[in-house]
Ligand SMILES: NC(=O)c1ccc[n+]([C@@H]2O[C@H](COP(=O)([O-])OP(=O)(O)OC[C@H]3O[C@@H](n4cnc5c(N)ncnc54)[C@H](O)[C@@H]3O)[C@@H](O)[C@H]2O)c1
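Next up is one chain by itself, shown in structure tokens, the form predicted on its own.
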């Protein structure tokens, strides 16, 4: 592992957890974030961390933040289905232009970890999805409702990553699957924190259609550990930007998740169903999203994933109590 790291989007959910993981190793961390969806409250307090408020699309900000960096972790982007649906063009531009700016303004010697998304797989069926699945512009846009949006932006990020690798940059491209856990905001439609907050308040939990859609939920701490493990593996970098799925292949239905949250919260909340098309007109919901993690296993072995019930319990326990969230994750 290197000693000086830049994390774009480091004030967000995953970025702040990754920053803490890096700081716990005694590494120096710099965060670049415009705080459009991230929060300054997420940024760890440490003498080994510095924060620059700025956009990943602003060359001057990127140049300043990336100066001297040996490793750049790129997470900056719009988060959440509601925001991505409302700001399709902006979502695409942040991913595409932000990645291009980062590649242009970061030191040529810096290794790059670029975060894509499982959204690039489009509207897939029920089988576990492998990185070898053919992806086209049309299949990507099917996720965005036939327009260029969030998924298309992540697909452009991946293409830029491969181009950078071909030109000699060291690039690692990761495709996360539904990362959740303590500290995730419900503000932009993230399902687990939305359910948790509403269950604790006794409010109804909204489930789209019948709730038979399944997702594979990955605890953010497991995710960070696995990401850091990949960064330490020369075999991962030898893939030269070819993507790696990261996620827990265990499936959970959305209705099953809602019922679990209500039970674990001891809540009297009810579940109400609403057609997906009424909330996201023009879009089609992904029925199943399951990662094939054979490539990941070949690189780092089989991670021990936290089960969804334990994730739900910890998320409930930490809701509204940031000191609990961070207490077991000391930093230097």
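None of these values were measured; they are calculated from a predicted model. Residue numbers count along the first chain shown, from 1.
The same protein also exists as the form predicted in complex with the named molecule; that form is not shown, yet it is the one meant from here on.
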Interface stretch in the predicted complex with the named molecule - options 127-135, 193-201, 71-79, 227-235, non-hydrogen atom within 4.5 Å: 71-79
178, 251, 242, 222 - the one with a heavy atom within 4.5 Å of the named molecule in the predicted complex: 178
4.5 Å heavy atom contact with the named molecule in the predicted complex for all of 155, 289 and 292: no
4.5 Å heavy atom contact, residue 115 and the named molecule in the predicted complex: yes
Non-hydrogen atom contact residue 184 with the named molecule in the predicted complex at 4.5 angstroms: yes
Residue contact check: residue 257 to the named molecule in the predicted complex, 4.5 Å heavy atom: no
is_contact(residue 38, the named molecule) in the predicted complex, heavy atom dist at most 4.5 Å: yes
Residues within 4.5 Å of the named molecule in the predicted complex, restricted to 10-42 and counted by heavy atom: 11, 12, 13, 14, 15, 32, 33, 34, 35, 36, 37, 38
